[in-house]
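Encoded as C-alpha cells, the following chain is the form predicted alone, with no partner shown.
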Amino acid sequence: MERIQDCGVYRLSDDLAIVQTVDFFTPIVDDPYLFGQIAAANSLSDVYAVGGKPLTVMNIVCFPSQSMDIDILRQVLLGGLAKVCEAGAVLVGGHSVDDRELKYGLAVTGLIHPQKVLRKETARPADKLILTKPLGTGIISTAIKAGVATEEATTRAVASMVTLNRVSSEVMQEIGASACTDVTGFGLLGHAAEMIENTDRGIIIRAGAVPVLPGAEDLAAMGMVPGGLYRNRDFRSAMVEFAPGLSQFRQDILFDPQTSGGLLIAVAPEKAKGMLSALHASGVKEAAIVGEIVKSPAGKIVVEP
C-alpha cells in the first residue's frame, strides 16, 4: 500500500493495482443536483490525477432529515450518479447519517498499472507545467453565498466544477507526463509547492498565463475571499516569491482553494505543445502552459508577471 497525493495505491499483481480515495463537503451552490455533480467530480479527481480509471464508487451522505425535504437529497444523489455514469464507473452502495448539515461525496476505487502511477514529486528540470482548468472557483463560490456573483461568473464556475478530469487524464497518459497533481483545496501555489517540496528543484509560474474564471479578480478586489485562501497563503508564503508589481488580487487567485479544479501536469518540453494541442482538440479549451520546473532556486516558486 502506498499513499500518493490524496489517494492510496495497492498493488494486486505485477500489472494491476487499485486506487482508492474519498472526499465529501458541504454545498457550495444552491442547486442540489449541481451540488451532487460538483461533489462527485471532485471526488473522482484524485484517481484521474494519478492516471487511474474509476471503477466503483460509494456514496457518503450527511443529511438533516428533520429539517430538509428528502427531495433535496434525491436530487443531490441523482447529480452525483450522473457524473459516476459519465466516468464509466458503477455505484455499488454507500452510507448515510443524520446530521445538522448536508454533506455529500464519494469513496472511489479505481484501477491502474503499478508502473504507470503518476506522482506529484517526479517532475524534472525544464518540464513545462500545464494547467487544465481556470482558477477562481473558491472566490466565486464565496460570492455566490454572499449573493453578489454575476450570472456569467456563476455559470462559468459551475461549468468548470462539474467537468470531469477524465479527458485531461486520458490525454496526459497518451502523450506521457513526468508528474501530475490535481489543484483543489490548497490552490495552485499550494499544490505546486507539493511538487517541489524537499527536492532540488524549483518552479516558475507566469501569472499572466494562468487561466482565470471571468469575474474572479473583480470579486477578489471586493473582498469575496474564502478563509481557506488566507490559510493557504500563510502556510506556503515562505516558498513563494512574487515579482514586484503583481497585483494583490492576482496573488490571491493563485492561492484560491479550488473545488473540482484541474490537473497540473509536468511534461517534457518537447512534448508540451503536442499535449496542449491534444487537450484543446479534445475539448479542454482553457488548458494553458503556466510555468516550468527549474533547477534553482530549489524549493521555491517564483511568480513572474
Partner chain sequence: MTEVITVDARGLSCPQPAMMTRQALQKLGKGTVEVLVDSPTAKENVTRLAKNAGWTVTVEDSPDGSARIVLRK
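Positions refer to the first chain, counted from 1. Quick caveat: nothing in here was measured; it's all calculated off a predicted structure.
Unshown form predicted in complex with the partner chain; subsequent notes refer to it.
Exercise for review: Could you spot which one of 90, 97, 159, 146 gets a heavy atom to within 4.5 Å of the partner chain in the model of the complex?
Suggested key: It is 146.
Check your understanding: Which residue, 196, 213, 220, 84, has a heavy atom that falls within 4.5 Å of the partner chain in the model of the complex?
Key -> Among 196, 213, 220, 84, a heavy atom within 4.5 Å of the partner chain in the model of the complex occurs only for 220.
Review point. How about residue 248: is it within 4.5 Å of the partner chain in the model of the complex, going by heavy atoms?
Key: Within the cut-off, so yes.
**Study point:** Partner proximity in the model of the complex: residue 252 to the partner chain, non-hydrogen atom cutoff 4.5 Å
**Key:** So residue 252 counts as contacting the partner chain.
Practice item. Find out whether any non-hydrogen atom of residue 153 is located within 4.5 angstroms of the partner chain in the model of the complex, and reply yes or no. Key: No, residue 153 stays farther than 4.5 Å from the partner chain in the model of the complex.
Review point. Just to confirm, residue 232 within 4.5 Å of the partner chain in the model of the complex by heavy atoms?
Key: Contact check for residue 232: no, nothing within 4.5 Å of the partner chain in the model of the complex.
Review point. If we take heavy atoms and a 4.5 Å cut-off, which stretch out of 126-134, 204-212, 159-167, 224-232 is in contact with the partner chain in the model of the complex?
Key: So the stretch in question is 224-232.
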